[in-house]
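Here we start with a single chain on its own, the form predicted on its own, put down as structure tokens.
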Amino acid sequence: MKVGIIGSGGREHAICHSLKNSSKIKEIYCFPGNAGTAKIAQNITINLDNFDELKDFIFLKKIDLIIVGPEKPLVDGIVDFLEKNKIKVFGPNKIAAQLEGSKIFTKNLCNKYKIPTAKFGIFFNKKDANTFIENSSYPLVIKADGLASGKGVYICEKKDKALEAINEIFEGKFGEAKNLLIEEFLDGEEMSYFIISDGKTIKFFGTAQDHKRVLEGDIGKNTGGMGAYSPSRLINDLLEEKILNRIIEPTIKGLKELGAIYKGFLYAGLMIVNGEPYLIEYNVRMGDPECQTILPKLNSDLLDIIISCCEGSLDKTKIDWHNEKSLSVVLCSRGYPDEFKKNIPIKNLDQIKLNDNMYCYHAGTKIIKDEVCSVGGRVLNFVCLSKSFKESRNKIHNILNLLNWDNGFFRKDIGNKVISE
């Protein structure tokens, strides 16, 4: 079987690595991939905004299945296009992808189906938003409506920060902004909850805790994710029942009534307040770095699971997991999430020897003149499975210290809430 994976980050390298273990796969193509996928698949440079160009390549190479990693192609309707051309594809269609493509779409769905979420207001211009925050209690959460690579969320402790957030969003920091959301701040602990669905059956696909802030102690600017651990310390049978009954199932039902059958991964970003789950946001794909953290725990063939979703037979597919604790740390370019240098060689990478249950997933990397170089803000993901989160983190820190990349930095406190020093 020939498989194509769309995307170039750590999530796509993790998916590619997991699929490579399947005896059913003959070839893997990555569009465009990175330096890590180049070692186990064929990287193809192609204009992903031109769906016809992708379709022609799929037909030329007789690719049997396309897996869409990142959010933008899903929101742009790549699944609808490929299905129209009789190409098997894994991921939600354009309507369902609005769960991530528009926070306002999701909030309106929450209102209609009584899905617990933070109270919110929608504002269409700076003037009305600024007037609202004059008389608001703080902290407030201000969000760009569309896709923002995980960075379009501001937690504002004071009015001056709220004014700055409103200004940046409406001035186009995350693309053209016709509106924004202002939400109440929920004081609890975050958790990422994942399911996979074929449109009829929903199956659990792991929990994780992401670390979004760039600096240790969970301070500083929001990023795409500095590291994660799985499973979340919060999950239990009662909480999972509440998440499924009050959040996931009403969402799938609501989409069905809009004519959208949800097929693919669904990631619910939750805030747990006194044991009660509230929806913060949806992602219509595996998270990054949560995907890199969760997939090494999978003890089943990922290809079989994905094919069963495409064919509507997920109810007959068993998903097994390893019991180990998984933790990931992201190595970033110095300066991220602001300005950073690109095309910097990562010396010593070939000298790093990973033991069993340790993984290095590439994200913002590219091979330039036979050297692995950094081309993005988040560069490498180091993941370790072990009997404890502390052991996993210690092993990763040892590797990062050996790598000793001058142009990089990482958070040393990933997993701080589950690791006692």
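Everything quoted here is computed from the prediction, not taken from an experiment. Numbering starts at 1 and runs along the sequence shown.
Just so it is clear, the following notes concern the form predicted in complex with a small molecule, a form of the same protein that is not shown.
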query	finding
Which of 168-176, 85-93, 136-144, 240-248 lines the interface with the small molecule in the model of the complex (heavy atom within 4.5 Å)	136-144
Heavy atom within 4.5 Å of the small molecule in the model of the complex - residue from 276, 184, 128, 304	184
Position in contact with the small molecule when the complex is considered in the model of the complex, options 298, 122, 118, 235, heavy atoms within 4.5 Å	118
Heavy atom distance at most 4.5 Å to the small molecule in the model of the complex, all of 103, 155 and 271	yes
Interface membership of residue 195, the small molecule in the model of the complex, 4.5 Å heavy atom rule	no
Exercise: residue 263 in contact with the small molecule in the model of the complex, heavy atom 4.5 Å	no
Contact test in the model of the complex: residue 218 vs the small molecule, heavy atoms, 4.5 Å	no
Non-hydrogen atom contact residue 344 with the small molecule in the model of the complex at 4.5 angstroms	no
